[in-house]
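Just the one chain here, the form predicted on its own, laid out as structure tokens.
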């Protein structure tokens, strides 16, 4: 199962002159789809629109995106919806075309075959040597420039399901496909993403639900040592929900009570089952 709409029409190809293909000049969103409904739609679309505003890409109307998403997702019991927005086609060169016509691509894809025990029993994680760049102009955005994550992902050992990426100042920023939370003394902490990284939708949900449970959740600078001395570690994104980290390098962690509590708190917000 893979269905794609390109600017509202069924298709499978974009122009080689598209700036998304040429330069990674664009943004994307990945949504869990359950029983025909893209979960957390408003949050994902608003992040897409905020990113488009920062990159000065003209965004389509929300109603148009919604109609196209409904067309693709109507019969899907459990799937993944990916939305890509690029600046569109232009002549050679980095200069932004004056009258650029953005390209939008919506694709419905099969649900990933993540083992259920990743969520119930946890995963092994490693630190990656590939650094994530500090660039405030792009920090937080889910932009199409993902080569750092591609290189980091290629480092993963067979037994590891995720890798943690640090910036040039040795600050832990995120996983290759996830955000990270550390639990210390009953308090939650997640890295500051002011200079790099993706501000995940599920990361926001976790912070909000923690506050609703009167749990302290801080956004702060975290180091490798902070991760290795934490009581619990867990990972989050819109598809996996929360995965407990049971091992980071040689450090083992329990399947902690606060991690389990947060899994329950976000149960309605993802499609991981």
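Positions refer to the first chain, counted from 1. No experiment lies behind these values; they were computed from the predicted model shown.
As for the form predicted in complex with a further copy of the same chain, it is not shown, yet the points below apply to it.
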Wondering, does residue 218 line up within 4.5 Å of a further copy of the same chain in the model of the complex on heavy atoms? no
If you check in the model of the complex, is residue 77 within 4.5 Å of a further copy of the same chain, heavy atoms only? no
Determine whether any heavy atom of residue 55 comes within 4.5 Å of a heavy atom of a further copy of the same chain in the model of the complex, and answer yes or no. yes
Since only the chain is shown here, I'm wondering whether residue 190 would be in contact with a further copy of the same chain in the model of the complex (any heavy atom pair within 4.5 Å). no
Partner-proximal stretch of 117 to 125, 199 to 207, 180 to 188, 143 to 151 relative to a further copy of the same chain in the model of the complex, 4.5 angstroms, heavy atom: 143 to 151
33, 67 and 100 each touching a further copy of the same chain in the model of the complex (heavy atom, 4.5 Å): no
a further copy of the same chain in the model of the complex - contacting residues of 83 to 99, heavy atom within 4.5 Å: 84, 86, 87, 92, 94, 95, 96
